[in-house]
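Shown below, as structure tokens, is a lone chain in the form predicted on its own; questions about how it binds or moves come after it.
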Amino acid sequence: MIKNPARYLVTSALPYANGPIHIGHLAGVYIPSDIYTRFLRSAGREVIHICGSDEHGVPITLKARNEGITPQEVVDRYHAINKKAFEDFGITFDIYSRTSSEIHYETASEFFRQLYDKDIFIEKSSNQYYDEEAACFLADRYITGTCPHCGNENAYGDQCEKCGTSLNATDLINPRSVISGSKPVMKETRHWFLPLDKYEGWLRQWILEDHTEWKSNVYGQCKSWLDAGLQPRAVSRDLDWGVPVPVEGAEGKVLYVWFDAPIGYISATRELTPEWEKYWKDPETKMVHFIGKDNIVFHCIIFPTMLRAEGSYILPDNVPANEFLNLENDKISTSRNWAVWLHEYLQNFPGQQDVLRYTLCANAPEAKDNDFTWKDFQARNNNELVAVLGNFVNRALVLTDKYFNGSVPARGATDEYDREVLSQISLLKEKVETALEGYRFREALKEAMNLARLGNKYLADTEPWKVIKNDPERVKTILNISLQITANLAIILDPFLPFSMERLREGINSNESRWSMAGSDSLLPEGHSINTPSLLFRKIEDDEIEREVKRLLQTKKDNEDNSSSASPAKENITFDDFSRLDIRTATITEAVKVPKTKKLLKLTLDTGIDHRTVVSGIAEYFEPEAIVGRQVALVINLAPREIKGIESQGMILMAEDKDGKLVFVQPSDRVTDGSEIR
């Protein structure tokens, strides 16, 4: 950990340019990174904040294909939407670049070539699926087929989105090309691999021994990867969208997006300033990556290995990754439109950026997944921003305007309570600063709001509206102290609530926002004029929340209606195709859970011909002991396949209802095992 760095390089994960930004992105990455950067700037430290659009990869090409447009048109659309949304929301990037830019292509190519010339990469050939009709190799996402674990017929070549199992394309049963719909063939292709295994010893030292201060979720995930043993990882793909691999004989190949994207931080810095190397190559620079937990391995293991292999770059000092944010007790899903989109929020709640910033920070998923609800959003605003912060500030300014014509009164004699309150200002400022420097943003916001709570309690205890009748000199002291708290709030809360604190500074007629000035009990001098006060926050009404909840309920209903309709019929097959399937009745004689899995059962079945083993992804729906003795339909001439070290010799047939629940396909009356189903 670098102490007293000369400068800071703060990066925020590059959002993928195939869709808009939602609240999960904000809570996980962009609000904490913006708070941290604003704090550093106000503290007078040299810092740049880097971000941009991640614009390569298969999902973008798939979206372009589905919409009948080019990948460039896709990324142009979402780059513009997200860039504007970030700006409107007050996220202060020094540059918001993009990986389709010329300078990024140049930077990524140079980086690859440097490692290539140092013989870092392993070059090897392997068999990969190839679409003969489309005349191209197929990336994992361009292949679909039946998941060997749960039977989902629309699993991708890298993952089954139904059961969540990671896959290789060769694991799929009956694979087919997304491009042509044809069955792909295996064909030899050549790729370059980063030998992560050769850097495992160094990574263990650098992470597990040198960075024990990292957040437990980051440290734990890195340790898990290292303990499992690292393997070489491909850095190239057979695609026509991306940065071309800059070596001879690599036609039709591009840099794999996970290799390409983090280099985007470097290219964006090059675009920002000709002095980019001092941020990337000076050991006195402190680099901090803000990311979500799904990017931990890329930023803590793969990208540092790339930087280490190149040799001239600094390494990240910290990677404060957050967990995931759910929405109304359900996982945020872009495909199901189950999200609160940033650009839509800004339209529905104009001028209310800080309310969302506050809610997402106060409920940030720092240590575990958390949930956003519209009711909590309303409560945070009405009970905290309005009733605590807004109430205190408004009372302090209104009373000053009423009793002293908007002029800061002189502070007279102070009693023990006054002095205790004044001492708390600097103590709370220090607590906020310590929490911010430790990436504990929820704690920092809580301590900052404690200053407003302190002010509220002070006014409630001293009751200047009563004291004014008999002791106006005492009221001068009370309001002077209240105004000093107000001026401190305008500085300390600025990283969290920049729009509101700018209005507050206008209200107290002060431009002071330097962190070094916070903690002072004399920010506003005697006689300083404040402006006519206005409310910082407004109450959010029930009908506004009901509108948002209804929208989500309608989204859920639409999803259920879509899922309840039957899937379209597949392409016709011939009678000969069907006759090749040998489907028989069989009885489950034994069922046990497969160790270290959540979804798999190992079944033993009496087929009337033999006793055989089948691995089936039904453990979430059936207890093993409850299905012993059940007669089922079994495809018995399916080629054997090894699953979790067990040879599976067939597939039982299941039906799936609209809620995803599985039920057995079985004869209505018991028949002899081995009876053919025709």
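Numbering starts at 1 and follows the sequence shown. Not measured: the values here are computed from a predicted model. For clarity, a rigid core is taken as the largest C-alpha set superposing within 1.5 Å between two forms.
Below, we refer to the form predicted in complex with the RNA, which is not included among the displayed structures.
- Look at 336 to 344, 597 to 605, 193 to 201, 94 to 102: in the model of the complex, residues with non-hydrogen atoms within 4.5 angstroms of the RNA sit in 597 to 605.
- In the model of the complex, none of the heavy atoms of residue 265 sits within 4.5 Å of a heavy atom of the RNA.
- Residue contact check for residue 225: one or more of its heavy atoms lie within 4.5 Å of the RNA in the model of the complex.
- Of the heavy atoms in residue 116, none are within 4.5 Å of the RNA in the model of the complex.
- Interface residue remark: residue 353 is not counted as part of the site for the RNA in the model of the complex, having no heavy atom within 4.5 Å.
- Out of the listed residues 627, 632, 47, 643, 643 is the one that sits within 4.5 Å of the RNA in the model of the complex by at least one heavy atom.
- Checking 609, 69, 43, 638 for any heavy atom within 4.5 Å of the RNA in the model of the complex turns up a single hit: 638.
- Contacts between stretch 281 to 300 and the RNA, counted in the model of the complex as any heavy atom lying within 4.5 Å, involve 293 alone.
- Once both forms are fitted on their rigid core, the CA atom of residue 597 lies 2 Å or more apart between this form and the one not shown.
- Residue 617: CA moves 2 Å or more between this form and the one not shown after rigid-core fitting.
- Once both forms are fitted on their core, a CA shift of 2 Å or more is seen for residue 634 between this form and the one not shown.
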